[in-house]
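As a starting point, one isolated chain is supplied in structure tokens, in the form predicted on its own.
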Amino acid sequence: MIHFQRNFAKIILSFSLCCSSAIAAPPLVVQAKRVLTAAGQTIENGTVVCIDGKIKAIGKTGEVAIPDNATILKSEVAMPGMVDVRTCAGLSGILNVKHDSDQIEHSSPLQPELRAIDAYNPREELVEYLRSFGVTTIHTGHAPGELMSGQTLIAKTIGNTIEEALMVDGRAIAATLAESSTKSGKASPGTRGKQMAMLRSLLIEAQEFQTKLNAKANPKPAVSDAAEKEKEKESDPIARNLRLEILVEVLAGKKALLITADRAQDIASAIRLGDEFKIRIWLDSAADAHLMIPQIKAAGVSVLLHPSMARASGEKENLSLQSASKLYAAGIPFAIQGGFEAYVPKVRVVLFEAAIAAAHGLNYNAAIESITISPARILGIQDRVGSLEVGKDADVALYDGDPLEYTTHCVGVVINGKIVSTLVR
């Protein structure tokens, strides 16, 4: 059934992409016996009205006006399209072959200038695979494995081109404080101390570059001949530096520094780096987060938590299936991620990972929120996606039962008010 569902989705999506974007889509109505809004309420026998790509009305069936020419989809359960807070899908493909593995570049340990937008493939089958389960938005980009591997972006799981899919370009810079980003022999970094020194040195260099840019933008008035000469010197053009320019945006708070760190000591180093440079840190994976609750809470950082079913080996040997419930109880912002796997299909499905968290102490509504509105808030896109509310993008996932039950199927996906896959009409 799932195989049929994915093939049918291809047909529907291909048809929709062939149609001119100038042609307005007819109104779409989703009706379900239960509507999980992720906005503080569950609506029994609910209706969601989608017009021009946005949610125009939501409420109980019979109390919401339905446009005369609307297409109506019905299912047992409807919920917001899921948001995967951390994946490499689109840079990483569904196979273990060179042509679909652009998620990591190993030629240099420090490469914040690498843009995810230049490597993302919206037509990658792995993107479609995630969409088939109801994932409609992904925060994707360069994988862990180098000290600073590159940038991330936020995209909808649709489109023939990145421009059609893109929501936010350059949302964060991915860094790694782990054994995977160390080098052997005499190559750097070879130790944790060297990792931190290299990150610190690059950020200091970016601070100096930022000072030059600020001086250029706000020159001081000349008061003497010497000052006049200094002013002329300052007016000389500043050479472009892609590496430092992107880090200036991190220093200015426009982008986050996403640091993959699993062991407690690496989590502590990531927090310390954020405090030292007063930058926004996102903890990625964070297998030992349950051991660092007080420190993470005091630092005010968000956690992009590893998949619940990640393999408890290597640096994740201390992971806990109760981490999500403990973070939630402590009031720490977190979301459950699909992550990156080195083996096919190269990604986990957040729906299943949230279900396991719910089976280990995370309450049901919080589990749904951990893959919808919570990641949207962390990523700063909660005004568009993550919950079913009037004015937001009409991204809806439909199911033939409880979404957190393994026997349930995703029977329809709506993105921007358009049907991109469906088994129900």
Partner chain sequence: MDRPMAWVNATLLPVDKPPIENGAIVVQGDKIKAVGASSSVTIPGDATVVDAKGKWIMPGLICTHSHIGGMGAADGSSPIQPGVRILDSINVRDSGFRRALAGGLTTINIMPGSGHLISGQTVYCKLRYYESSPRVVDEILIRDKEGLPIGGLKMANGTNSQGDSPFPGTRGKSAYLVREQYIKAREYQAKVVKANGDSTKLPPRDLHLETLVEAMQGKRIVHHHTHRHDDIMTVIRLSQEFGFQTVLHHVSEGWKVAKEIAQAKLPCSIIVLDSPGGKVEAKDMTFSNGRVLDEAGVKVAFHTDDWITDSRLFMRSAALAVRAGMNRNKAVAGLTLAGAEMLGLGDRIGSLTVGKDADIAILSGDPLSVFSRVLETWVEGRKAFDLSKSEDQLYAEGGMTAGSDLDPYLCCFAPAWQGGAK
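These numbers were taken from a predicted model, which means no experiment stands behind them. Positions refer to the first chain, counted from 1.
Keep in mind the form predicted in complex with the partner chain is missing from the figure; the text below concerns it.
Participant: Given the stretches 158-166, 289-297, 195-203, 70-78, which is the single one in contact with the partner chain in the predicted complex, using a heavy atom cutoff of 4.5 Å?
Facilitator: Among the listed stretches, the partner-contacting one is 289-297.
Participant: Residue-level contact is defined here as any heavy atom of the residue lying within 4.5 Å of the partner chain in the predicted complex; does E276 satisfy this criterion?
Facilitator: Contact with the partner chain, no.
Participant: Although the partner chain is absent from this view, report whether K346 comes within 4.5 Å of it in the predicted complex, heavy atoms only.
Facilitator: Close contact exists here: in the predicted complex, K346 approaches the partner chain to within 4.5 Å, heavy atoms only.
Participant: Should L153 be counted as a contact of the partner chain in the predicted complex, where contact means heavy atoms within 4.5 Å?
Facilitator: The answer is no: L153 has no heavy atom within 4.5 Å of the partner chain.
Participant: Classify A359 as contacting or not contacting the partner chain in the predicted complex by the rule of any non-hydrogen atom within 4.5 angstroms, answering yes or no.
Facilitator: Close contact exists here: in the predicted complex, A359 approaches the partner chain to within 4.5 Å, heavy atoms only.
Participant: Using heavy atoms only and a 4.5 Å cut-off, determine which of M309, V248, I117, L110 is in contact with the partner chain in the predicted complex.
Facilitator: Spelling it out, the residue with a heavy atom inside the cut-off is M309.
Participant: Could you pull out the residues of 78-101 that have any heavy atom within 4.5 Å of the partner chain in the predicted complex?
Facilitator: Heavy-atom contacts within 4.5 Å come from I94, L95, N96, V97.
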